[in-house]
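Here we start with a single chain on its own, the form predicted on its own, put down as structure tokens.
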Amino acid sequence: MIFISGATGQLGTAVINALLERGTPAAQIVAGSRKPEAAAAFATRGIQVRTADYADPASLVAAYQGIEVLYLVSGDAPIEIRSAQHRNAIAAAVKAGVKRVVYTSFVDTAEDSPFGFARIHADTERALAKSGLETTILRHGVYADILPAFVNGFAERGAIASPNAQGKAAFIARADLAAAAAVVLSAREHAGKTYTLTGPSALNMAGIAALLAARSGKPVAYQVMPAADYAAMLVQATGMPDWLAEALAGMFVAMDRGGYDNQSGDFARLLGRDALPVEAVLAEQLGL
């Protein structure tokens, strides 16, 4: 049995679909969610749905019963809370007798990173190493799918901005990350391995602006914005919590330290093809 955490989220749903496409029987998949009613559509496809809340260890122990492979999706909370929740999930996996955990980490886990979430992934990887569980670490590159949220309205403004100055990232689509996860979840030969999953090319945000200009036929300037100002702008424009805005601003700063442009080739080795280039993802999502 394969347990998919955060099954109703974009990544979790994509992983379930990728497993089914690879021929994994629905009866061998368990969809975990804090709100099982939101996962009702999975049940109609023959997938078992279980309540699993990272903040409720007892629910996790119950949910993980009979599970051989746990796909542990990083949660959605401030740093200290999320790290504690991940440790809850790991402890529950040990108690429930889970054989292997596949964890969605990040391309850069440096604990001094300006991107605060890197500390979450470093802490979780350490906890997994100490747990005695078989593990597979999937270090994700920056999601290409998040870019439209940061460049929305570029044509009207004629510019985009972020705290990124020069450093590049090898952006990768969630759908490709899900496809890689399905491969890893389906075969025990991946136990004990770490894969860095990134796109086939690297761009900085100035390069994204140039790409948008070329695709749209309209001028798009790029402006480097101080991280604090950028975080404040995100809060004002979207209403997102301060902790998330600060983390996202820090992510763009962290790009300048290097590491996000890692083109490991792991994705192609797992799938036998390259991941979608960021150009294709933007073209689809922005209609360019």
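All values reported here derive from a predicted model rather than from experimental measurement. One rule holds for the numbers: they count along the sequence shown, beginning at 1.
Below, we refer to the form predicted together with a small molecule, which is not included among the displayed structures.
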{"item": "is_contact(I146, the small molecule) in the predicted bound form, heavy atom dist at most 4.5 Å", "value": "yes"}
{"item": "Y54: touches the small molecule in the predicted bound form, heavy atom cutoff 4.5 angstroms", "value": "yes"}
{"item": "L11 within 4.5 Å of the small molecule in the predicted bound form, heavy atoms", "value": "yes"}
{"item": "Any non-hydrogen atom of V73 within 4.5 angstroms of the small molecule in the predicted bound form", "value": "yes"}
{"item": "Location of the small molecule contact in the predicted bound form, chosen stretch of 204 to 212, 76 to 84, 158 to 166, 128 to 136 [non-hydrogen atom, 4.5 Å]", "value": "76 to 84"}
{"item": "H190, R174, R119, R100 - the one with a heavy atom within 4.5 Å of the small molecule in the predicted bound form", "value": "R174"}
